[in-house]
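A lone chain, given as structure tokens: the form predicted on its own.
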């Protein structure tokens, strides 16, 4: 295997949905000032990138698109084993939609040396749109393998497995290739004190549209989030009657069938 394999991995510094709160009266979730963290799926992508390098050689470059605070996600990627980190940011764009993220990732990878393998999580923990990988591949005109649960790197490309409803599909693609991975692909390692210390001393390269030959106008959002809210669902509070667990179970199944939610 080539020791010069160029592996890139995208990470998002997204909203920590486990620590967000909704207004009890309106159900609106306050995202401004909400705690943030590295998207869980992206930690699997970083782990897979590092494992590929350990097996096949090469270098791992972590890349993120977002505000300066996204450096925190890149620091974690470095602590998990990435060799280098790049932040694409633009003060003129307060929020990047998926189109802008894909364009920025594509331009950054293309301009800063190119790549053989670009790994992403199958979706972000906060929005889970699941479209950035496909958009990046489209921007670059390369193959896109999505929802991968097992990845094997070969001399000229990769072989990937992914679950379908009734079967496992095996796909192959030549380099360069974009791959999105699910959480079942691996268990991310936990950074050690020393790896965190080393990561804190590494330089994170910051670039903007001009550095990667990307027209700033191409980052203008075409999608805007107007409101994030928890749906209000009225509970029916239907009582169940029965003198034993079996009777209660039969009553529950009967009620579910009446509601059309049980065959």
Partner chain sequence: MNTGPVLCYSEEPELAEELLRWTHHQKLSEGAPVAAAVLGALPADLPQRYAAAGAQEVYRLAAEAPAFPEAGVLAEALAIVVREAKPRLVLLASTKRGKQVVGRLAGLLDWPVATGVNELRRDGEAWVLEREALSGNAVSVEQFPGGAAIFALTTGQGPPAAASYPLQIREVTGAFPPSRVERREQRPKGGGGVHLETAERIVTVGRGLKKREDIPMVEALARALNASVGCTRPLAAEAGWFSDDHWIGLTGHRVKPKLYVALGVSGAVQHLVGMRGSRIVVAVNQDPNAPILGQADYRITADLYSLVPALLRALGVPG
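Whichever C-alpha set is largest while still superposing within 1.5 Å between the two forms counts as the rigid core. Positions refer to the first chain, counted from 1. The structure presented is a predicted model; accordingly, all values stated were derived computationally and were not measured.
The same protein also exists as the form predicted in complex with the partner chain; that form is not shown, yet it is the one meant from here on.
In the model of the complex, which of 51 to 59, 219 to 227, 66 to 74, 196 to 204 comes within 4.5 Å of the partner chain (heavy atoms)? Answer to the contact question: 219 to 227.
At the 4.5 Å heavy atom threshold, is residue 83 in contact with the partner chain in the model of the complex? Looking in the model of the complex, residue contacts with the partner chain do not include residue 83, since no heavy atom lies within 4.5 Å.
Using a 4.5 angstroms cut-off on non-hydrogen atoms, would residue 101 count as touching the partner chain in the model of the complex? Residue 101: no contact with the partner chain in the model of the complex.
With the partner left out here, check for me: in the model of the complex, does some heavy atom of residue 191 sit within 4.5 Å of the partner chain? Residue 191 lies outside the contact set for the partner chain.
Residue contact check: residue 127 to the partner chain in the model of the complex, 4.5 Å heavy atom: Judged by the heavy-atom cut-off of 4.5 Å, residue 127 is in contact with the partner chain in the model of the complex.
Using a 4.5 Å cut-off on heavy atoms, which residues of 141 to 163 contact the partner chain in the model of the complex? Counting only heavy atoms within 4.5 Å of the partner chain in the model of the complex, the contacting residues of 141 to 163 are 141, 142, 143, 144, 145, 146, 147, 149, 154, 159, 161, 162, 163.
For residue 238, does the CA position differ by 2 Å or more between this form and the one not shown when the superposition is done on the rigid core? Yes, its C-alpha moves 2 Å or more.
Taking the rigid core as reference, does the Cα of residue 170 move 2 Å or more between this form and the one not shown? After core superposition, the displacement of the residue 170 C-alpha between this form and the one not shown stays below 2 Å, so no.
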